[in-house]
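Just one chain follows, in the form predicted on its own, and it is written as structure tokens.
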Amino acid sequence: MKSTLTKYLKTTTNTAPLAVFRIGFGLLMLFSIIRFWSKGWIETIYILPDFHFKYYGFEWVQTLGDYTYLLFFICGLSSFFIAIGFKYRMAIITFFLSFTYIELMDKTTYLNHYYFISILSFLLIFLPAEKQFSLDAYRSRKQYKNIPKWTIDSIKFLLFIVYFYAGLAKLNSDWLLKAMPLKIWLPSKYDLPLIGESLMQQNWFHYAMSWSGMLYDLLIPFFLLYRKTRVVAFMFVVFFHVFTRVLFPIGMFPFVMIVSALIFFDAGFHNKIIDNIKKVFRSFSAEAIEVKEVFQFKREKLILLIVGLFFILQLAIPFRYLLYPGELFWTEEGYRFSWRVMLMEKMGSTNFKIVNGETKAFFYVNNSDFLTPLQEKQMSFQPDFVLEYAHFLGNHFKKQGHKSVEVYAKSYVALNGRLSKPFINEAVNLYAEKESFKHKNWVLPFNDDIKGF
């Protein structure tokens, strides 16, 4: 076993796939930043709101006011430098830190693909993506024909985890036996040409989409790995992600996954891409660049240790929900960072009562006085949001001079087409509850059963 692992770690492969991946990743991230900026989301999400929901343990990450534009500019510039391979190591570290900081400023915007970009950019810090066809190689007059095979395989493995875990998450009774939540979402697409008034309204089509989505996620990484099925598999990747992009507003995620899937193709394919780019930018071939045979890490053991620990965490984190009682979709304890993509339609209504603990005098809060519509929507059905907002309200009214402040919530939540049910124990003073990794026992039982992972 040890000798097999040692032999694998010494195996090398052509550098081109990693170079092309670097270019695609950098350009997509640059476009994402420009898109986010152009839609005015920097102002509406990060600058205008007075209150921002924070991830537990990252409350220290503060918004930057108008300097948020500078943060996005740094993130976009670093992504451009990644694409062209200029000061790559500094660029990818800067991108990882700036992009992750942006995501940590407000968890209201959490999306699986934002998390994917953060962890992928962290992984890229330790990969020699600038060793071929980059400004760094051009400036040093030196590039490498081959790199350790595990560096490219690590990206493939991360993509494998994303797909396969997403497939495992779909092995639940709501998705497979009730076609939920697609049965709610698809009929609303009645305005789609040709299929809107026909397929989107058919019960059988809802089930077909549910089952095919599950099979796609579980099987596509295997078909991409196998050379004889790779081309057909990639065609499915393109079709699946383009189709889901038409159906749902999921931003850049489909394009990120399509471009990322190119990493599975052989080096010859990527060398052709590089040759075609060189025809446009002839300066890369205008002067001689020394081509060395194999790139070797200076601190390979340390890098392998970091990457190994990284993947152990990626394999384990999605299963942390097993440490909690209750229904995952209801409590959402362990739901994030687990590749559970579009598995539930959850709507809530949560209102807060501020009580004087001594006199029992009370009044109700108008949530729109403090939250944006997006923030209020996310808060209404997620327990950690509810608790954080309760503490914000308690602190706010305490500063205003209210005495013996207590905060209570009355909440009703509907999950995947079920009738609304009471969500929060109305008798619990949430202002006295503390956020932690412990189970939130003030969330009322689901009293239903969703079987599966």
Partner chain sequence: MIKKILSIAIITLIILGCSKSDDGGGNDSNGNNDDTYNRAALLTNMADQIIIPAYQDLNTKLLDLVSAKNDFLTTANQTNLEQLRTAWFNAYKTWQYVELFNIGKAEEILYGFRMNVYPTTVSDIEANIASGNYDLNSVNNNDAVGFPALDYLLFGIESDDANILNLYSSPNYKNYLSDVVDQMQSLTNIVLQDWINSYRDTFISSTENTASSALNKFVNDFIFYFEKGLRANKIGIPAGVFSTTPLPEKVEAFYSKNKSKELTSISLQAVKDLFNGKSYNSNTTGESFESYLQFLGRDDLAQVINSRLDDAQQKIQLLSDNLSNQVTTDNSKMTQTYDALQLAVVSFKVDMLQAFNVSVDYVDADGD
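Positions refer to the first chain, counted from 1. This structure is a prediction, so every number in the text was calculated from the model and none was measured.
What follows is about the form predicted in complex with its partner chain, which we do not show.
- Among residues of the shown chain, residue 251 is one whose heavy atoms approach its partner chain to within 4.5 Å in the model of the complex.
- Its partner chain is not drawn, but in the model of the complex it has no heavy atom within 4.5 Å of residue 427.
- With a 4.5 Å cutoff on heavy atoms, residue 358 does not count as touching its partner chain in the model of the complex; it lies far away.
- In the model of the complex, none of the heavy atoms of residue 229 sits within 4.5 Å of a heavy atom of its partner chain.
- None of 255, 150, 138, 101 but one reaches within 4.5 angstroms of its partner chain in the model of the complex through a heavy atom, and that residue is 255.
- Note on the partner interface in the model of the complex: the residue among 374, 291, 225, 177 having a heavy atom within 4.5 angstroms of its partner chain is 374.
- Of the candidate stretches 210-218, 154-162, 69-77, 185-193, only 185-193 has residues whose heavy atoms lie within 4.5 Å of its partner chain in the model of the complex.
- Taken together, the three residues 63, 297 and 320 all stay farther than 4.5 Å from its partner chain in the model of the complex, as judged by their closest heavy atom.
- Contacts of stretch 325-359 with its partner chain in the model of the complex, defined by any heavy atom lying within 4.5 Å, are made by 341, 342, 345, 346, 347, 348, 349, 351, listed in sequence order.
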